[in-house]
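Given next, in structure tokens, is a single chain: the form predicted on its own.
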């Protein structure tokens, strides 16, 4: 079924919700605004990962590599060489695109199965963490401190938490729109055919390398840009946070709970789980470290049992059935 991309954009509902979300810095204290900002970071990352993992069905566990490239490389270029972080973001995004294309080529060249692809990408993520923590230019194990945010937009400074929140709101919305656009395009149909049956897709003329590379490149670039903005917000770039494979696991978790392969599902999963994790970590982290992971596990088990397709597809199917029943009754 062709996703209703343009009708969805013409509807006033998403624009009203976006406008309401934009007012949050005027309504919430900084602590809750911080939670919303982190939620938007994960919503953007989960939506970017969904292009590869959900639509194309290639379970990549290397996306911490792209987050780390956006965060560590752009920050190192600024701190060590004085290169403007806007330009650093572009350079990091280009590097992420090249790495994503290389991963796609390896997948195509050796015709890796889904499990093999996941393990290979996890190995890349582990190697990236080791490389970053042992490279002085990228900050090594100690990380990097960024200059104080003075609100100079030309210097990639957004004026504190409110400015970063608005930037991340726009970035999360962009990632969702890109998912909608891909699902409504020939690329989306090609990727879904590859996901369902690679051999059959190739038999009808779908180019495996071209489509997989394009999907991975788009996903890597979006992920890298989010990583650069996230680094600017944190001000301290910690490799054990931003290049850790655990970050990818969280991204995959949010996308899976929300609904793989749908435009809104990954963002919905992040909106449901990320605030819960942040609140649990903030209030109970000192008492029971790692409790949020335990809660995540319970939620995943519950979703798998009650909503196997994910939260958003289940909600959408329920509303569709309800509308159909009402139309039939009338």
Partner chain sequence: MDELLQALVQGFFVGSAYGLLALGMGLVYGVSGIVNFAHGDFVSLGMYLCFAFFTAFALDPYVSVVFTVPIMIALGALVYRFLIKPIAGRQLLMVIQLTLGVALLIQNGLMMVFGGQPTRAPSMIESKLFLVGDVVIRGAHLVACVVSFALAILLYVMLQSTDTGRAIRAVQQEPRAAALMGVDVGRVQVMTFAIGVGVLAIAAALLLPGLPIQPTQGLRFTVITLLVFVLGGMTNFVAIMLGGIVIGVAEAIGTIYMTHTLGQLLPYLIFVAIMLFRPQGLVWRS
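Just so you know, these numbers come straight off a predicted model, no measurement behind them. Numbering follows the first chain given and starts at 1.
One more form of this protein should be noted, the form predicted together with the partner chain, which is absent from this view; the next part is about it.
> So in the predicted complex, does any heavy atom of residue 123 sit within 4.5 Å of the partner chain?
So residue 123 counts as contacting the partner chain.
> If you check in the predicted complex, is residue 27 within 4.5 Å of the partner chain, heavy atoms only?
No, no contact at 4.5 Å.
> Using a 4.5 angstroms cut-off on non-hydrogen atoms, would residue 115 count as touching the partner chain in the predicted complex?
Yes, residue 115 lies within 4.5 Å of the partner chain in the predicted complex.
> Does any heavy atom of residue 253 come within 4.5 Å of a heavy atom of the partner chain in the predicted complex?
Close contact exists here: in the predicted complex, residue 253 approaches the partner chain to within 4.5 Å, heavy atoms only.
> Whether 61, 119 and 127 jointly form a contact site for the partner chain in the predicted complex is the question; each needs a heavy atom within 4.5 Å.
Per the other structure, all of 61, 119 and 127 touch the partner chain.
> Taking 4.5 angstroms as the heavy atom distance cut-off, pick the stretch from 239-247, 170-178, 186-194, 155-163 that is near the partner chain in the predicted complex.
Checking each option against the 4.5 Å cut-off leaves 239-247.
> If you look in the predicted complex, which residues in 84-110 sit within 4.5 Å of the partner chain (heavy atoms)?
Residues within 4.5 Å: 106, 110.
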